[in-house]
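As structure tokens, one chain now follows by itself in the form predicted alone.
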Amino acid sequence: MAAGDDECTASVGEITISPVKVQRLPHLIHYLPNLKTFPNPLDRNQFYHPSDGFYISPCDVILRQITYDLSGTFPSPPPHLAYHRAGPRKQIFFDPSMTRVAIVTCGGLCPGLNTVIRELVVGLWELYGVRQIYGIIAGYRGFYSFEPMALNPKLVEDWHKRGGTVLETSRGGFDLEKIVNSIKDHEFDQVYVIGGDGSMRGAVTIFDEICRQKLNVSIAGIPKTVDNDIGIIDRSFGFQTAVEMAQQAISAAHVEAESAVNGIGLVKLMGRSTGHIALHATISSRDVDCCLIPENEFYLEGKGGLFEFLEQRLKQNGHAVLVVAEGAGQDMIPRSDAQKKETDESGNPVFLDVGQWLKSELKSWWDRDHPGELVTIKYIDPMYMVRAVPANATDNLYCTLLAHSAIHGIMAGYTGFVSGPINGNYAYIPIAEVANAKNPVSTMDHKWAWVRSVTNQPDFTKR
């Protein structure tokens, strides 16, 4: 039923592509081999008319890598990885009339959370006829701290128009024993975890314990991070909405800077470990003079430094706009030994405000090198505005496809997986891979070169 580490060879004309390795996708039958199967209720759904090719087979896969150097100058390391394609299967492993579902949102807010919840509820209810659907309140701790909320299509009808998460969320509170006991006590058969990389690591731990106890429970992850820092998948939901909102902050900073003598507009955007929002917002807005991200170290003083660049730009244009991701320059900010050890409830290092620090450094530099000359520095921090808004149309569509992909996979008996797009096609990826995969901005690729061409900023390489 679930394909293993299969390999095959494909030939295109006279060119042979090296073997393809299909990543093993966990399935309930791997430890519960005698499970009963059921015909897919989509066969009887009045809105569907399944035809040849409608149902996905185990042999239908998505290649992770789709670019090749056919000259052989830079050979790609074999084998080439592939993942099982997402979509409905002919047979399912749950009786919809008896199935009990839990949906939980964990970690920080992100545009689209309510859309994913809504589409999970509507998809389970309308596509498969599941009637026992529950929301877990306040993240992982909600499994053992609150009674689940019964969900239905009427209740969630307009949730996609609201920011945040109606189910509420929290960081931390992960107690494996209490969570698994709650799953058993409430007789949940399916668990959908919506969260970032930390939440996905928690989902891996729950999945491992479910397998150890051989429980007939499937768990699926829907990766959420406004920073777009989760690897393997093309992008995280909410990211495009965040870029759109970030551009509004950049436009405001540009107006403020342009309206003042030696005006500097400083915008801090989300991005603890990656600068995707800052990068995409910079390219899209075209009003940014310098973009600072965690992946690209920078310095302030001396030739080729930020201060020299800004001085030149102010002489040329009379104003400048600077965008900085929250994780950029953290090693440059003075902090006490206690601050160096401080972590949040999720175990992440606590970052200091790089925007406030940079604003202070800019003011000190100007007062030192340009005494008596006017300067105006406007600092805009739209971080919580960016993550709290409802998803835009593109992200709403994306959230729907993610939710329905997860439903089809979990109903087919797959477990311990994440649904997400790879090269534009939706696939099922083992959740352990996603939990540990990163998606940093490569400062060696064309996208970062586009930023440099738009801003004409220095490379901050000391020579």
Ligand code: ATP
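Counting begins at 1, following the sequence as shown. Not measured: the values here are computed from a predicted model.
Beyond what is shown, the protein has a form predicted together with the ligand; the following relates to that form.
Novice: Would you mind picking the one in Gly198, Pro148, Pro382, Gly355 that has a heavy atom within 4.5 Å of the ligand in the predicted bound form?
Specialist: Exactly one residue meets the criterion: Gly198.
Novice: Among Gly271, Gly265, Gly221, Gly107, which has any heavy atom within 4.5 Å of the ligand in the predicted bound form?
Specialist: Partner contact (heavy atom, 4.5 Å) among the options: Gly107.
Novice: Wondering, does Asn392 line up within 4.5 Å of the ligand in the predicted bound form on heavy atoms?
Specialist: Judged by the heavy-atom cut-off of 4.5 Å, Asn392 is well away from the ligand in the predicted bound form.
Novice: Since only the chain is shown here, I'm wondering whether Gly202 would be in contact with the ligand in the predicted bound form (any heavy atom pair within 4.5 Å).
Specialist: Yes, Gly202 lies within 4.5 Å of the ligand in the predicted bound form.
Novice: With a 4.5 Å heavy atom cut-off, would you call Tyr140 a contact of the ligand in the predicted bound form?
Specialist: Because a heavy atom of Tyr140 falls inside 4.5 Å of the ligand in the predicted bound form, the answer is yes.
Novice: Quick one: does Phe174 come within 4.5 Å of the ligand in the predicted bound form, counting heavy atoms only?
Specialist: Yes, contact at 4.5 Å.
Novice: With the ligand left out here, work out from 94 to 102, 208 to 216, 356 to 364, 165 to 173 which stretch has heavy atoms within 4.5 Å of it in the predicted bound form.
Specialist: So the stretch in question is 165 to 173.
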